[in-house]
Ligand SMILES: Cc1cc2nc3c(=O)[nH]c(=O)nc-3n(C[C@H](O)[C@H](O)[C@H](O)COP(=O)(O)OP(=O)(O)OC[C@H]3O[C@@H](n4cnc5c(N)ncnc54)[C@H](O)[C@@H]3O)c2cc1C
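The chain below stands alone and is given as structure tokens, in the form predicted alone.
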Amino acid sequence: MGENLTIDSTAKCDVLVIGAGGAGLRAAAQIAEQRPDTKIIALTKVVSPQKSHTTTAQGGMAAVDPKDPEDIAIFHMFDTWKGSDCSADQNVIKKVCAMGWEEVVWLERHGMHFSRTEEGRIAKRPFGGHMLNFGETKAFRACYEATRTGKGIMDTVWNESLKYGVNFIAQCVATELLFDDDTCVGAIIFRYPEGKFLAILAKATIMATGGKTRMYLVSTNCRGNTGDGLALALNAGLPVMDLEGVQFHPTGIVGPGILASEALRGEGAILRNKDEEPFMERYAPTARDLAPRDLISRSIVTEIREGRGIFNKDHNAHHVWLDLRHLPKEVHEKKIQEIESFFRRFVGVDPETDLCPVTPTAHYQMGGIPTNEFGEVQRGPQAIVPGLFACGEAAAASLHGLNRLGTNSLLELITMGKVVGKRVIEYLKDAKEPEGLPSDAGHIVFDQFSTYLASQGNESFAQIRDTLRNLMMEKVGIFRTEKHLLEAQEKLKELKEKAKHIPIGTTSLKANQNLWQIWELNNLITVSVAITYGALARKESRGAHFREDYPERRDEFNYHTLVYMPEFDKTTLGKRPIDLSIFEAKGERFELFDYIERKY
């Protein structure tokens, strides 16, 4: 197979960045600032980096100001450890939390316009799970630019990348990683408009392809977040880690699933059931509406299951209310006006006078391509892949474990982007120029594309896609059981087989939307299998992974799950230890970094 498909041209660079969102471009900016003569090529799936999913992040970026009279970094470290349900890596927690404020300063000095207090200091708002004094009261820790923090970050790192001459290739996808023995030497990319394959040889390759939750019926992710980077890694024989940790944001707008940022609850919004009762006190007596996202999402579903939700006929969905009516007019008009506009536009309610319908929506992957604390991709718990790095949502270092605190995502992408950039600079000192294309270059992608182009069946792309989304929502969603996970496994195999028989229509490679969508659909099915295997193997409840048949956290699962799947459904599992270096150092309040009970 693949005899009619060829690599049309080959390019060379020092660094290839696969994914030009916040993490990838922060890494590129770091490399370009410190090593201005570095030739960097950055790929983006969309028409411009300014369309990257990072731009949609609303609420803020967690960072502790060393001059803050109340907050200190160890409080943030503890919150992140506790929020992860004791499944994050403490070396990464310490590194990222310690770097947060210097990255806020870097962003502002390079052009980002953080919101300010009347005294002129960078403004901060509270977010779920962020607390002072090891859980006593809410912390004001999230630095923000109105409700467009991600857009501010993207503007800044994109401008820095342009300033230093980073070369961008738009509307393309990386389809196969290239290796010389065990060293990564670049990737094959597919350029959608021209329908051409290009090999890019690079001394160092950074994967920053973002998230993947479009396999769920309701998702906050843009339509391009189809897990392409994860599928790319799996096809190369590399593992993915902790994919069972899928975060459902508790407040998606009923219908489109668009995110109603946690910033709303940070400003004082209250969740209410059909009787307008503020129900979160029942589930999290101290944190209430600012409890971590996994806890609130389960609480909302529990309210709905027990008959205290509201059914929306227009969208055929149950929901609860988010109440903003009591907030001061100044908050409505100056702090959350853009988020409020989504309710007016998509569900026809005015948050100043009406209750707003919200329901949990698939939002974020806590797991990803496993890396060490420097962003070097791992083949196993100890072995790294020379020349290959990963950062952002596509990677798992792991800062989040099985549950991420709000505003730690922007923190991670900007800090780990810098960390990866610095590591790449060190790697380039001794890295060799790739000698040429590996002899097997294209064997994976050409087999895939040949199958898609030869398909002349009668299966419906839309029907398979919608079946996948409903299946994952119902069987591998917020609540899971062995029965449902096993059913999902079998159904995913059926969907993979059916996907081979979607009629391609035209076989031209140029701007072939059907080909592009079929490739994305296959990636979603592949990643869904990895999620399901990880969820089935983890017979406990931890963070966002909740097994109704195993509702308690169990010490025998104090590890990260590795899933290998070089061929579809030929899966093996591995384990990576959880780093406990803060606890083992026996420093200040070290006992709080043991496997503690998680209460809010």
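Each form is matched to the other, and the largest set of C-alpha atoms that superpose within 1.5 Å is called the rigid core. The first residue of the shown sequence is 1; numbering continues from there. Owing to the predicted nature of the structure, the values given are computational and were not obtained by experimental measurement.
There is another form of the same protein, the form predicted together with this ligand; it is not shown, and what comes next is about it.
Every member of the trio V46, G211 and N225 reaches this ligand in the model of the complex with some non-hydrogen atom inside 4.5 Å.
For the chain shown alone, C172 is a contact residue for this ligand in the model of the complex, at least one non-hydrogen atom being within 4.5 angstroms. When contacts are judged by a 4.5 Å heavy atom cut-off, G392 counts as touching this ligand in the model of the complex. Although the partner is absent here, H363 lies within 4.5 Å of this ligand in the model of the complex, judged by heavy atoms. Put simply, Q58 is close to this ligand in the model of the complex: some heavy atom of it is within 4.5 Å.
Proximity to this ligand in the model of the complex, taken as a non-hydrogen atom within 4.5 angstroms, holds for one residue of H560, R542, H53, R538, which is H53. Out of the listed residues M215, I93, L413, A396, L413 is the one that sits within 4.5 Å of this ligand in the model of the complex by at least one heavy atom. Judged by heavy atoms within 4.5 Å of this ligand in the model of the complex, the contact stretch among the candidates 363 to 371, 430 to 438, 274 to 282, 444 to 452 is 363 to 371.
Residues are counted as partner-facing when one of their heavy atoms sits within 4.5 Å of this ligand in the model of the complex; in 515 to 530 only W519 qualifies. In a rigid-core overlay of the protein, H363 has its C-alpha displaced by under 2 Å between this form and the one not shown. When two forms of a protein are overlaid on their rigid core, residues whose CA moves 2 Å or more are considered shifted, and A260 is one of them between this form and the one not shown.
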